[in-house]
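Have a look below at one chain only, the form predicted alone, in structure tokens format.
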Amino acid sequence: MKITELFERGEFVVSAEVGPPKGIHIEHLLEEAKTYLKGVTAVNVTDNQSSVMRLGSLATCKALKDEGLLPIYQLTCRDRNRIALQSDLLSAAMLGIDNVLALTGDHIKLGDHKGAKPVFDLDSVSLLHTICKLEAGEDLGGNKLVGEPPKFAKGAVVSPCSDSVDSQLAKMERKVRAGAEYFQTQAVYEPEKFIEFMEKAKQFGKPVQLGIVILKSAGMAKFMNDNVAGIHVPQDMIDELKADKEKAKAGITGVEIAARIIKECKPYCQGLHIMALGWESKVPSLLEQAGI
């Protein structure tokens, strides 16, 4: 099933993100997904997130699909040229994986293979264009595909709380023109900025899923403020995490903060995307507290 069909029906689409392990055994990942992500519509699978080598997103998507879950295949341009990207997209379609999130990808310097050569033959915009070309039955070399062409639900990302709103709107417009049908956002901690952004983004007529990361500690919040573009955790939230470290460590404070943000932003978006970062067990409580 394509999640775009759900958006078209007016459903509030909830997805959650999982990261494949650095190895071949994913029984634990599958069990956690089946146990804790029952309340979500789709499961995003990261693609060597933060440039750290892990089990492939495509293989993990297939394993999740075999367990009855709806995967979203995250595909980054960092590690593949246009030949490999197109080949992987055809492979995904052959396996019945038709939800894709197109990403440029984090730079190699962030990861665990500093000597690797980054590719970036395409970026997220040109990758979206590439998917549309394949859907039209032709590859980027102008060669016809054999048989029925693939069809995907094409997603992209946007950072609504970036310092430059106009720049993000311009990027969003380029992605829409390239074929993006839905958007997932970077983590949001400033609802007022998100709401302001969404009022302006309505012009594009595309569904947007609010991005949420559950804060684990004040240290995590400060790290994101210093190192992750497009994210700013306000000081009052950091103070709330500091106030009771045991409560924060147990995930209670982070879930409470996230639930408040979701409640405030929900009227302005068409879905929710949860980046649990290993805290998949907190997702049911988060959805309950957020009234979803």
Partner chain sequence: MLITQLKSKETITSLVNGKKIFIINCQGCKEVHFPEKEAAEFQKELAADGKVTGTITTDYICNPENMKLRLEKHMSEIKAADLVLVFSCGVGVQTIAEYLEDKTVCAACDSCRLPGFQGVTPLEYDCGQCGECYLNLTGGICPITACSKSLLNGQCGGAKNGKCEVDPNMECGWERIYRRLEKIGRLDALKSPVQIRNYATDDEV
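Owing to the predicted nature of the structure, the values given are computational and were not obtained by experimental measurement. Numbering follows the first chain given and starts at 1.
Beyond what is shown, the protein has a form predicted in complex with its partner chain; the following relates to that form.
Heavy atoms within 4.5 Å of its partner chain in the predicted complex: does G105 have any? G105: contacts its partner chain in the predicted complex.
Against its partner chain in the predicted complex, would K114 count as a contact residue? Criterion: heavy atoms within 4.5 Å. No.
So in the predicted complex, does K171 come within 4.5 Å of its partner chain, heavy atom to heavy atom? Output for K171 is yes: heavy atoms within 4.5 Å of its partner chain.
Taking its partner chain as it sits in the predicted complex, is V228 in contact with it (heavy atom to heavy atom, 4.5 Å or less)? Yes - in the predicted complex, heavy atoms of V228 and its partner chain come within 4.5 Å of each other.
Quick one: find which of 194 to 202, 84 to 92, 158 to 166, 212 to 220 has residues within 4.5 Å of its partner chain in the predicted complex by heavy atom distance. Flagged stretch: 158 to 166.
Let me know the one among L122, A153, V176, L134 whose heavy atoms come within 4.5 Å of its partner chain in the predicted complex, would you? Checking each option against its partner chain in the predicted complex, the one that comes within 4.5 Å is L122.
Within 4.5 Å of its partner chain in the predicted complex - does that hold for a heavy atom of every one of K245, A250 and K266? Negative, none of the three is within 4.5 Å.
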